[in-house]
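The chain below stands alone and is given in structure tokens; this is the form predicted alone.
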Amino acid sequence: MRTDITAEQIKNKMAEFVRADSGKSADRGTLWDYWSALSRAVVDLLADDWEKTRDTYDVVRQEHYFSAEFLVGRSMLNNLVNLGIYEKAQEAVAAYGVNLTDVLEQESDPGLGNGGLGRLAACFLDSCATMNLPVTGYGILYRYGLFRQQLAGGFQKEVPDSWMESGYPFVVRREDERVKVHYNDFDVWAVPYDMPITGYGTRNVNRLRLWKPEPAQEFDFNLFNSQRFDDAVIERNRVNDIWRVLYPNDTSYDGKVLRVRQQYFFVSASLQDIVRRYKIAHGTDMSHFAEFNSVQINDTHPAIGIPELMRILVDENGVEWTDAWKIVTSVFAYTNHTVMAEALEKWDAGIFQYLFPRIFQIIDGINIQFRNELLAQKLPLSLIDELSPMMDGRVRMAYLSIYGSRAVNGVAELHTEILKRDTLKEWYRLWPEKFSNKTNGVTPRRWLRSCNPELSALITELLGSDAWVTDLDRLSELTPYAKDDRVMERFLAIKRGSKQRLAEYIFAKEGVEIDAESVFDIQIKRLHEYKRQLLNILYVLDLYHRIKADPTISLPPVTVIFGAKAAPGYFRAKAIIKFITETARIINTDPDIDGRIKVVFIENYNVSNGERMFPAADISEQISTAGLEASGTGNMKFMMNGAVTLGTCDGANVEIAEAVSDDNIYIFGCRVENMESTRAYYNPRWHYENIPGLKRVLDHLIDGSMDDGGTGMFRDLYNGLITGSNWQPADVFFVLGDFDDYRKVRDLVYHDYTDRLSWARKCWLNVANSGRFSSDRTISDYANEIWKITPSKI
């Protein structure tokens, strides 16, 4: 911790930065001026350690984490806590007559990620820095992120997320380290912007390097002078498209081209940067490159790095193909994040031929090599066709990743077993030694220590120190306190405070008044059919009708909270959002219900919202179709903050159940091992017609009682559940099949909530058994078993 830093130093640095940036004295600054100045002061205070860390890492074996997204959340609070200067910053800003909490609220969430994939990457970087591991993250500096979600009449509307338009001091431009990325149609400069990643209890400062594209030719001066203004800047606009948004809509061919262009941009820039740094530290002999460098591909978005490193080695450094392939397959490792074969990324080969013919040639060469290798093993041609990295005019990015990597891992025990048994079974049969499991984790620094300071303080008091912050297994020592009623009362009071703060935030933001004494039942995650937000809201609508029919039903008041974004081109996901908001409108305004149920959809869910919601949750909804959720990390954050999981036997829920025992988790629904046989006879119409209450709630979609604005959204939802289509069977995600069991178990959860102390013990035991879900444990596994790196403390 930075005991050498004083509040007076921070105050004086802030004064300098306010004057320099705004041209006025510090005592006349705005809240935003103080936030900007404090941010710059923090970067200034850690700059020397940041530079020492980079120099230390450059001469040892390093890991490079490639990810299309890093959902880092706001930086200021995390850095103040990690540096141990939060109280000093409080004192410094108080000297200017303002509150640090108000200053912190000036920061926008960086628009660098979307869901679990990006948040996982951010947690991993936090753990790597805390553990002094030589790891650098690489991605894109998105100007507008995914999008800012607005709800207009209950419909999702996407608007730009202008998170960095006023400046963001925690990203530092490194102009002298720019590199050029070549496409067939134009060249582009890749300019690195570095974000410091501070560790907890260490002076090491790791780095997230984000690339911004800039045109090699800003504009055509002659065309501009000829008054052909649009033509003069057409290349600049095409370059700006690369960094404009995360995951541009790829329902059109042009959208697909832009996606591939994006992926190649950050991967090519990153590999050029790594090679440059290797040569500075170790010389130009590339034969030792793999000894000092490992690259983790986080999902398939960076898979194009495999042929790109081949290009750099063969074309730019004169390495023979065979030797280059040995280097490449020693450098790369691949993390798979889906069990759905249809979700594995594939691109038309023509896109590669158009954008970078040389990369296409190399992929073709890799494909020929692969086929020859399997032919030599006398494998059937049909199997070779099935597994080839390029087939039927498409590049299969997952297969390219597996073939070009030394290691392949899943992200939960169940997920990895499904990969080996089903999705990637033939690959596992050919190269079993490549496959391993690395169950995901989340950082306890942000997701407990920072976002839930009251609970953290209680834990530290009971354990006698804050050593648990970097050794989460210590939480198991809390288990005996579950029998201490006084501790449980304190725990309930902390939860009540978190719920009250969330209630106040929801009222201010959404205008919905909720009861902090009610059950807070929360589902926050990316909106996708397999995550089954639809199942959740169908239950809520059914409960509404049951209470209307029998007001004497003995259940506590319930607040059901959703937070989710739907991809811009995902029509059915947007329909589910509209269905949720329509249901909320009906229930929240019905005087007969009298507040017994409230439904809230949090607009523009992001990390900052999550930091308010995880500590306040009583119930964590983890209800994906069994066998389809790779892991989940929201389930771990809820658990760590004392919520009980209501979920299917899917993803990391399986390991959570093992950790807390069946008495402290609520599992429902069809199991993975039974899903295939169940689907053989499954008829969703039978459930619709025979499960009590189900027809009543589903008919809301078609009877005119709910308004979808004439879009046909609700009819499409209904048809998707009941009749299916030519391209998809009815209810492919088993919503109606699991409904009855879900209702029974969720009713039981609400009933159990009414026994306050018994409920508190369940929640407490979830906290006490969350140690195995620290990202520190996950990263230790990666570092020891895949990356082969060791700590390098400055």
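Numbers follow the displayed sequence, beginning with 1. Just so you know, these numbers come straight off a predicted model, no measurement behind them.
Not pictured, yet referred to below: the form predicted in complex with a small molecule.
- Stretch 113 to 121 is the answer when you ask which of 355 to 363, 113 to 121, 687 to 695, 75 to 83 has residues with heavy atoms within 4.5 Å of the small molecule in the predicted bound form.
- Residue contact check for Asn184: none of its heavy atoms lie within 4.5 Å of the small molecule in the predicted bound form.
- The small molecule in the predicted bound form comes within 4.5 Å of a heavy atom belonging to His301.
- At least one heavy atom of His337 is located within 4.5 Å of the small molecule in the predicted bound form.
- Shown alone here, Thr251 lies within 4.5 Å of the small molecule in the predicted bound form, counting heavy atoms only.
- Contact here is defined as any heavy atom lying within 4.5 Å of the small molecule in the predicted bound form, and by that definition each of Glu69, Tyr530 and Ala630 is a contact residue.
- In summary, among the residues Gln622, Asn206, Asn440, Ser127, the only one with a non-hydrogen atom within 4.5 Å of the small molecule in the predicted bound form is Asn440.
- In terms of contact with the small molecule in the predicted bound form, the residue from Ile197, Val411, Ala269, Ala643 that brings a heavy atom within 4.5 Å is Val411.
- Relative to this conformation, an increase of 3 Å or more in the Cα-Cα distance between Leu355 and Tyr253 is found in the predicted bound form.
- One change in the predicted bound form concerns Asp250 and Leu355, whose Cα atoms lie at least 3 Å farther apart than in this form.
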